[in-house]
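Take a look at this one chain, the form predicted alone, written out in structure tokens.
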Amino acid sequence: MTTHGKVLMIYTGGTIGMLPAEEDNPLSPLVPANWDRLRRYVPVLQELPLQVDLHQMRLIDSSDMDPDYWVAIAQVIRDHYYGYNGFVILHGTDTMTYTATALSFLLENLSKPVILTGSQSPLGQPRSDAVQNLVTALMLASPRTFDLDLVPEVAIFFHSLLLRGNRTRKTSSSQYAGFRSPNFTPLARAGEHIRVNKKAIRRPTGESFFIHEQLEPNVIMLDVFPGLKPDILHRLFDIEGLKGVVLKTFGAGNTPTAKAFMREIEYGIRRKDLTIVSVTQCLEGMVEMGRYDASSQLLRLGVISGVDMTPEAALVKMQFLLGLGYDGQALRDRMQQDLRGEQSVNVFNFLYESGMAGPLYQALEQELPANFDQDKIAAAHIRLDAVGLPPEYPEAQLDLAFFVNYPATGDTVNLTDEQCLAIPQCLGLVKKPYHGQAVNVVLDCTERFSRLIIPGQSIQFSTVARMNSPVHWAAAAISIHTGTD
């Protein structure tokens, strides 16, 4: 056989390599077997036009996977990076998505395929799915050998799909199609032919490859559920050394709104200096902070959006950024911005707090981050929480105008709607009945905001109460989403 490619197969254990502990006793417990015992179940490897070399690591059940092991895998890839076309990692299914996500962050400037695969049934079983998964993963790891398009990413191949590793979730413990990428299209599909979705592939940076070797383990993930006691949050937030929390929230990012619950969230962020990121418990969809009142309080307190990241991606991303030394606002900003294709949009939030704002409110200027791209703005919203008027206005019509970078807002009180909207810096108007109870106000200003942003210019947010009455609110926010393509 003439070989046309070289692939390093990194074997970590998992179901794919499970065999009876006693070779002559098929009923003995299954344990991870050395590759020497497994080789006879995959004679097809001898027929592939590949040189497949093996690096066998400490064999474990993937339930025992941890950050140190992730770094060890990254080090193996670093040490052999320039000697192979690509890499295949044999891994247990239970924590495969965590490992794929971690490697996507640890491997900087990756330009070769790193494909994780495994099986729901061990190699030695008659109906195992292992051989097909392994052979296809090897082909994807050396694409030129098989006239395939290059996928220079950390990906998972399982059953018939190649999925971006940090977008993948295990969705079945028994079906051969055990993984899905709910919020992102597959990178490739394998049937009679392997068809790569070139539009979905991330482009290599062209810069020199290297690895990161620090992950901060002091991060926890917590499901919100009906009846969750606030004092449980308090005790968790008091864990010594805790740096961050991934909060798996209801739907689009909602939690209980009870004061005691919100008080503990505030305690975690403002007293314990924790970064708390909200991701949805749902398999599909995304967190939209401020869409409902239940999440607007979280936004005001400083909980950040995980948009459509998987819980696994949010957890590992926070470990990664903390390991790089990010903290405080810098950490919160980076958590909401795409690093490796793990989320569909970047989120930029500008928060303003106010008591009695008066008829005219002008916020302090805030800087746009250096990586902000105004050409990719997908959505922009302004939200005022708990808007109210003085007691002498029990019934009124809220009439608010919003501006950005317009110094003469005070001159607009008596203008007509048409005159106000004709001012280029006007983001829009909101009219809403007021009956003595605080209300929330949301303005979609996507189109106008996109036209107003100037690279390198700070943002100054202003609002005018055109009924010439003082207005107060609990918090104001501009939330901007930009595409990651």
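Owing to the predicted nature of the structure, the values given are computational and were not obtained by experimental measurement. Heads up: residue numbers just count along the shown sequence, starting at 1.
Another form, the form predicted in complex with ligand ASP, is not on view; read the next lines as being about it.
Peer 1: Pick from 58 to 66, 434 to 442, 416 to 424, 41 to 49: which stretch has non-hydrogen atoms within 4.5 Å of ligand ASP in the predicted bound form?
Peer 2: Within 4.5 Å of the partner lies stretch 58 to 66.
Peer 1: Please run the contact check for residue 15 against ligand ASP in the predicted bound form: heavy atoms, 4.5 angstroms, yes or no?
Peer 2: Residue 15: contacts ligand ASP in the predicted bound form.
Peer 1: May I ask you to state whether residue 92 is within 4.5 Å of ligand ASP in the predicted bound form, using heavy atom distances?
Peer 2: It does: once ligand ASP is placed as it appears in the predicted bound form, residue 92 has a heavy atom within 4.5 Å of it.
Peer 1: Just checking whether residue 120 would be counted as a contact of ligand ASP in the predicted bound form - the rule being heavy atoms within 4.5 angstroms.
Peer 2: Residue 120: contacts ligand ASP in the predicted bound form.
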